[in-house]
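Starting off, we have a lone chain in the form predicted on its own, written out as C-alpha cells.
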Amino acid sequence: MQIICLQENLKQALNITERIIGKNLTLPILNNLLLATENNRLRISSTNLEIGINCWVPGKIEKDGSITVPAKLLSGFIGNLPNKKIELKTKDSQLYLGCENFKAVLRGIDAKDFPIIPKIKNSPLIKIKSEVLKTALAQVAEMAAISEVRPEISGVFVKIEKDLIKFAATDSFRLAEKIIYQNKLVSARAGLVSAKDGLESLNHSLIIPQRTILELVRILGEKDLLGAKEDQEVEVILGGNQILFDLGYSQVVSRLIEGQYPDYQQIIPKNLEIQATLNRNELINGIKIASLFSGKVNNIKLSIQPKKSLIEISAKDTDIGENKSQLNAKIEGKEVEITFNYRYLLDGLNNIFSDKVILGLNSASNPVVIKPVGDTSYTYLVMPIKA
C-alpha cells in the first residue's frame, strides 16, 4: 500500500474512528485500526465487536493494500504533525509514515486478522437530517441505564410509526422521550427527508446500545468533517440484528439489543392535577444552589405554593447547613412538597431549550413530568424520593 493524503484529513478520520477502541488484552488486534485502500480512497476502520466505524479519507492512491496498526500510537503521531502531505507505505507488516522532516515506522498486524465489520446492503429505511438526529438522540441518550441485569433498558428505544419517530430512554428513575413529527419536519425543511415506500408502510421497534448512540452523537457534532455538508443527511439501514448509520463520509454499524422494551407510556400521566410554569434558567440556578447544601444524598425539596405563586427550593445537611430559594411561578392546583435527586432534575432541564418549562404532577409520591413550553415533542419524567 502506498498513499499520499493531507494531515488534516487523516487526523479528522482518526478522531472519528479511534474513540471506541479500549485496551483489549485478549484480542490485541482490537487495539488496532484497519487501513485499507478502497475505491481510490483510504478507508480507516475500528471495532470493539459491538460497534464498527468506517471513515474514508481522500488521497492519491499509488498502490493498493491494507494493514492494521495501533490506534493510539498512529493517532498521537499524526495529531502532532504539521498540516502537510503525509505519505503512508506498507512493507513486511510495517507502516512507514513520512511528513516533511518527520518519519516513523509502526509495527502492524496483517489485515486479514481484523474482525469483519458487517456490510449492510439493504435500502435505507429512512433518511434524517443530521442536526435533527443529533439533537433528538442527545436529548435522551444519557437517561439509559447501565445494566447487565436488564439489557433492554441499557439502550435507546426507537419506534418508527406512520407519521412519527420516537426515541426514548430510561433507567427506572427518570425517562426521556423525543418525538420527530413527519409533517412538522417537512414543513420546516429539516428532519425526515424520505422513507422507503413512505412512512405509511413503516412500523419498526428497535433498541440501540447507549454507547452506539453516544458515539453517533459525538460524530454528528464534529465540525468541518470530511465531506460533511451543512444539510447533511443520515441514512438509517437495517439488516438482521444490525443497524447502519451512513453519513456519507463515515459509517457507524452496531448490533441491536434483543428483548422487549418496557411499555413506558403507562407511567406517563395523562392528566396532571398540579401544573407550575416558570423560567427554566431560574429553576436550574435554584437547583444548583440547593445542591451545594444537599450533602452526599443529593436530595433537594421543592415546595409548590399556588396561593403565593411561587416554588421554594430547599436543601439541608447537618454537616453543611441549609438553603432556601424562592422562584415566581404560575401555578394551578394544590400545594405540595416533593423531594428529588437534584442531578436527575438537571439532566432533564439541560436537554430543554425553551425559556419556560412546565412541571406537572399529581402528588408527592407520583412522577413529575417536565416539558418545554410550546414544544410537545419532548417529555422528561423523574421519580421523586419518597420520605
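Remember, it's a predicted structure, so these values are computed and weren't measured experimentally. Note that residue numbering follows the sequence shown and begins at 1.
One more form of this protein should be noted, the form predicted in complex with another copy of the chain, which is absent from this view; the next part is about it.
Between the options Asn350, Gln326, Ser354, Asn362, the residue in contact with another copy of the chain in the predicted complex by a heavy atom within 4.5 angstroms is Gln326.
Contact annotation: of the candidates Leu256, Leu81, Ala145, Val217, the single residue with a non-hydrogen atom within 4.5 angstroms of another copy of the chain in the predicted complex is Leu81.
Using a 4.5 angstroms threshold between heavy atoms, Glu322 counts as touching another copy of the chain in the predicted complex. For Lys89, no non-hydrogen atom is located within 4.5 Å of another copy of the chain in the predicted complex, even though that partner is not displayed. Shown alone here, Phe102 lies within 4.5 Å of another copy of the chain in the predicted complex, counting heavy atoms only. Taking the partner from the other structure, another copy of the chain in the predicted complex has a heavy atom within 4.5 Å of a heavy atom of Phe77. Contact annotation: another copy of the chain lies within 4.5 Å of heavy atoms from the stretch 105-113 in the predicted complex, the single such stretch among 105-113, 130-138, 257-265, 237-245.
If you check another copy of the chain in the predicted complex, you find no heavy atom from any of Asn15, Asn40 and Trp56 within 4.5 Å.
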